[in-house]
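Just one chain follows, in the form predicted on its own, and it is written as structure tokens.
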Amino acid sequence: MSIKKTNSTTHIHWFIHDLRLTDQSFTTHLAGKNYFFGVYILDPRLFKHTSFGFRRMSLMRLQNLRNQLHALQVDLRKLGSDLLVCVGTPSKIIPELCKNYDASLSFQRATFHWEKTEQDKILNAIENVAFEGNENYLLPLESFTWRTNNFPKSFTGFRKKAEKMAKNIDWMYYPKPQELPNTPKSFSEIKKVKTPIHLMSAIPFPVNEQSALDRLNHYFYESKAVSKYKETRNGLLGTNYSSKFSVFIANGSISPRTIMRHLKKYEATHGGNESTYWLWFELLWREYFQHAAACYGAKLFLKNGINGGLVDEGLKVNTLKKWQNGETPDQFVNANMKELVNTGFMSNRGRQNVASFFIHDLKQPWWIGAAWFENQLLDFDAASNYGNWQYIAGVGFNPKGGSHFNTVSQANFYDPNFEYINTWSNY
């Protein structure tokens, strides 16, 4: 965390992928400030149609985001502060706000190159940047000295270094503040959007900070489902076959460190086993891709990936549409794609299969499939999404050179009674 001294009596926190008040380091540096408010900037580029024929963010994702912002504003107002939502370019809006309010600024440092570019413009435009946090990482970026020539090309290489480092981490976090400096003025109310929840949705709960903490409490302490995570994680139907924490981590309703803090607490009370370790294992997979994104920058999104050498099969528009709509010859793929369109979610097992089918069976460009997931997934995370698609395609992070699943065998093993396929066949 870098700190620059400032005499400003007003402070602004720019919320990006951290839509919460718990585990936020900026809250410890508000002493002496008379005023405080948060700002969120909605980039209109998210809603422009791409060359693939769809936007980067679906209406469902936008509605989900809006409700998260509504919940954050409610929390801030309870503490006497407020949240301002702006539409536009951060490098233009943030400096203007800081100038108009003579305010210091904090934000969480970005992982991705386009966000870093915007943030660098802001850092060059204003002097009173107070703090830059990185609470969305399990392991601080500065603790590693990754370069593209020494970044682990496999998860195993990363995991060994990360687990060694994790032995010395106490998983401290910053508690939710009980009060905040007042807002200098009231901002427009963010209206909550009524979004009907699909009857078969695996995430039938709202996505916000309080809901994230409720989910954590349920998964760890009420149901103790985490103790069976490894046995159930390849499930396809229901809520408790996996943690569903990803939907909260995506926009920062909860931090990975908060989850780890409670996981260690749970293990100390109820005992650890292979399942509790496997949750840590899966969190490390996310961490792997976060560090990869910081290391490789734009390469994470290039057609030939971080390894290069990809042969472009060329997009077939009708094939893409049939895959998107769940109208392929493969029933298991279709069921997963219909779940995605109807709920904004898909199991990890499903994601691997539909990605493999798109790339290796339909012979379609991996980056277009990844872009469709970006449009649809409520738990979209750029690093995990594009990193996993590269893994399946064989252009990055996979020592085996790609993963081609036999979707028929996968369906027979994970859905032997066709319960999942039959559930989604009518939608």
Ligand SMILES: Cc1cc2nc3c(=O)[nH]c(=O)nc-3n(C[C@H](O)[C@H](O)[C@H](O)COP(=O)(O)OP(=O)(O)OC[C@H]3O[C@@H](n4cnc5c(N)ncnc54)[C@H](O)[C@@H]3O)c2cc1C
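We number the residues from 1 along the sequence you see. These figures come from a predicted structure and were not determined experimentally.
Heads up, the form predicted together with this ligand isn't pictured, but that's what we're talking about next.
None of the heavy atoms of residue 182 is located within 4.5 Å of this ligand in the model of the complex.
Not displayed here, this ligand is kept clear of residue 41 by more than 4.5 Å at the level of heavy atoms in the model of the complex. With a 4.5 Å cutoff on heavy atoms, residue 69 does not count as touching this ligand in the model of the complex; it lies far away.
Taking non-hydrogen atoms only, residue 352 approaches this ligand to within 4.5 angstroms in the model of the complex.
No residue in the set 324, 357 and 424 has a non-hydrogen atom no more than 4.5 Å from this ligand in the model of the complex. A single residue from the set 331, 91, 246, 134 has any heavy atom within 4.5 angstroms of this ligand in the model of the complex; that residue is 246.
373 is the sole member of 367, 373, 35, 54 with a non-hydrogen atom lying within 4.5 angstroms of this ligand in the model of the complex. Residue heavy atoms within 4.5 Å of this ligand in the model of the complex occur in exactly one stretch of 45 to 53, 25 to 33, 383 to 391, 396 to 404, and that stretch is 383 to 391.
Along 282 to 304, a non-hydrogen atom within 4.5 Å of this ligand in the model of the complex is carried by 282, 283, 285, 286, 289, in order along the sequence.
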